[in-house]
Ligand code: DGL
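What follows is one chain in C-alpha cells, specifically the form predicted on its own.
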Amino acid sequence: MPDHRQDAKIDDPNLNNDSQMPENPRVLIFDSGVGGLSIFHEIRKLLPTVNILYACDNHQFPYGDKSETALIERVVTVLNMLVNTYTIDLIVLACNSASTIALPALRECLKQPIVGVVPAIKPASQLSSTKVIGLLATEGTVDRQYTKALIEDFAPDCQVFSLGSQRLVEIAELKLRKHAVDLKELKTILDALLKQPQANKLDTIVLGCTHFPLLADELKAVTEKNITWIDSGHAIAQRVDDLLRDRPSKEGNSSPSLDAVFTKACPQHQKIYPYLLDIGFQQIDTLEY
C-alpha cells in the first residue's frame, strides 16, 4: 500500500516557543475508542522513549454520531478531568470527529499544546493524477461543515466522493478484540464508494477516521483497482516530535511508561486489554465518568 500521509493539524495558540518540555514528557492520546491506537503506533515508531497515556472515552463511544454541541461538551469535560488527574505535557486529539469542531473550545481551557487530526483532503488532491478522490470517514465527519470547507479550500479542482460509515469503526474495534474481519462485508461497504457514478477514475482515498488505518490491509485486499490510501498518523507523530523538546534520546535505553485509561468498565471493552498488553501497555485503569 502506498504510504502517503497528511500534514498533521496543530492547534497550539498557547505554546511558548521558548518553553521547554520536561525531560520525560507524557503525551495524552485521546479518542472515544481504539482508533487512536493507529496514532499511538506511529508515535511509538518515531518516539519510542516518550511516555504515553492512551485515554479511551468508551462511555460515550462512538463520537461519530454525536451532535456538535454534545460532542464539544463531552470532549472538553473529559479532557479537563484527565489533565487534572494525570500529568500531561501534550495532547493528541486522535479523532477526526472531535478535531473538526472541538479544538477552539479546548484551547480556551487547556494550557497544553494540542495536536488534532482532520481529513487529509489537501495531500489527496495533490497526489491524485485523475483529480477524483474519495473520503472514507464517519457520517459526522463527512457531513460536517469543516470537512466541506476543506474540500472547497484544498480540492476545488477535484471531484470528491464521500462515504460515511459507522460500521467500519465497529469492525476495527472488533478486529482488536480478535474477531475475524468479514471481507465480504468490507467489500460491500467499500463498493458503495467505488461504484458511484463516475467513480471509476477514483485513484486516491482519504482515511478520514483514525479507526480506519487499523483496517488498512483488509481495505487494500478487497479493492479491485490500484488505490493510494492516505492517513495522518505519521505526520501527527512528526508534529509531536517537533513539539517535544529536551526529551530523552530516541536511541536511549530508558523504558517509557505506557498506560491506558477507560471512562467505563465493561466486559466488551475489556476484551481490548490483551491487545493493549501485547503492544506494550503496562497499566490499564478505569476513570469512571
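Start at 1 and count along the sequence shown; that's the residue number. Remember, predicted model here, so these are calculated numbers, not experimental data.
As for the form predicted together with the named molecule, it is not shown, yet the points below apply to it.
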Looking at Gln126, Gln166, Thr130, Thr188, which is the one with a non-hydrogen atom within 4.5 Å of the named molecule in the predicted bound form?
Gln166
I need the one stretch from 256 to 264, 43 to 51, 224 to 232, 27 to 35 whose residues put non-hydrogen atoms within 4.5 angstroms of the named molecule in the predicted bound form.
27 to 35
Indicate whether Thr204 is a 4.5 Å heavy atom neighbour of the named molecule in the predicted bound form.
no
Partner contact for Cys209 in the predicted bound form: the named molecule, 4.5 angstroms, heavy atom:
yes
Does the 4.5 Å heavy atom contact test between Thr138 and the named molecule in the predicted bound form come out positive?
yes
Can you tell me if Ala120 lies within 4.5 angstroms of the named molecule in the predicted bound form, counting non-hydrogen atoms only?
no
With the named molecule taken in the predicted bound form, which residues across 36 to 66 come within 4.5 angstroms through any non-hydrogen atom?
Phe61, Pro62, Tyr63, Gly64
